[in-house]
Ligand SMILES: Cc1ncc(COP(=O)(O)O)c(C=O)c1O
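In structure tokens, the next block holds one chain alone, the form predicted on its own.
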Amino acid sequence: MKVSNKTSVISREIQQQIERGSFIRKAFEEGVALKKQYGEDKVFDLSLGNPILEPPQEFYQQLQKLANHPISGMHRYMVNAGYPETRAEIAQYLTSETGLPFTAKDIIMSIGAGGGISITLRALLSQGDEAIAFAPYFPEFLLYIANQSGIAKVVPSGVNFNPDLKALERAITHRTKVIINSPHNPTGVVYKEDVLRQMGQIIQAKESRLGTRIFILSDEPYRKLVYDGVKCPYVFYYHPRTIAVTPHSKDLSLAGERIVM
């Protein structure tokens, strides 16, 4: 059978996503073109959060060590959640940071933060479930939600781009999950302890009233990029059903390595 050139083999949904595209990606590609036209030193591209610093020397040392002295079997398939020893190290680090009893079973490795968010939403969302995101939001959130047959529910921010907690309370239904992002992209706001505490209280009260379990998905690529004595609180303290996605694309300048815990 001959397929007409006018007949697209790509699904309508994907075509629409391509047409809408990611504004961030489009701006990034425009930045690449402008650098070629005017020179690297003439264009300052802040669109994608692409690191301009190189990774720490320890990273190169470990790469060289593994290249010269490979571990037997290191290039074979691993268990789905990632190497057990890697997850155990991360769990130990989180326990030392938070005082909470993390184990390797609490950690899953994924390919990039986008992959981590996508597989988390795939695990949490049934068709028609709602995922709340606070505006302004990282634009890709809407695509991640739609790709898992969820419904994005955008809730406005309040004063100084902190979450509007009353609007959050009104928006929660029996089908709700919540996505937050702190330090926030694109505003840079860090949600303080009292904000997270109130958010947790609202969510848990709604859980009790609705007879549901509501998860917070915390996207944290900028957790370690805080300054002037500002601290970024861990959400785990304020809601027991919290899943944090923590990449090292920004803090270790490893955006191309796609490593996430």
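Each residue number is its position in the shown sequence, starting from 1. Model, not experiment: these values are computed from the prediction.
One more form of this protein, predicted together with the named molecule, exists but is not displayed; see below.
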- [ ] Note which of Ser110, Ser118, Asn185, Thr176 lies within 4.5 Å of the named molecule in the model of the complex, where distance is taken over heavy atoms; exactly one does.
- [x] Asn185
- [ ] Please name which of the stretches 229 to 237, 61 to 69, 213 to 221, 197 to 205 has residues with heavy atoms lying within 4.5 Å of the named molecule in the model of the complex.
- [x] 213 to 221
Task: Any non-hydrogen atom of Phe102 within 4.5 angstroms of the named molecule in the model of the complex - done: no
Open item on the list: Please tell me whether any heavy atom belonging to Gln148 falls inside 4.5 Å of a heavy atom of the named molecule, as the geometry stands in the model of the complex.
Closed with: no
- [ ] Determine whether any heavy atom of Gly49 comes within 4.5 Å of a heavy atom of the named molecule in the model of the complex, and answer yes or no.
- [x] yes
TODO: Answer with yes or no whether Tyr191 is in contact with the named molecule in the model of the complex, where contact means some heavy atom within 4.5 Å.
DONE: no
- [ ] Note that the named molecule is not shown here; using its position in the model of the complex, name the residues of 54 to 86 with a heavy atom within 4.5 Å of it, in sequence order.
- [x] none
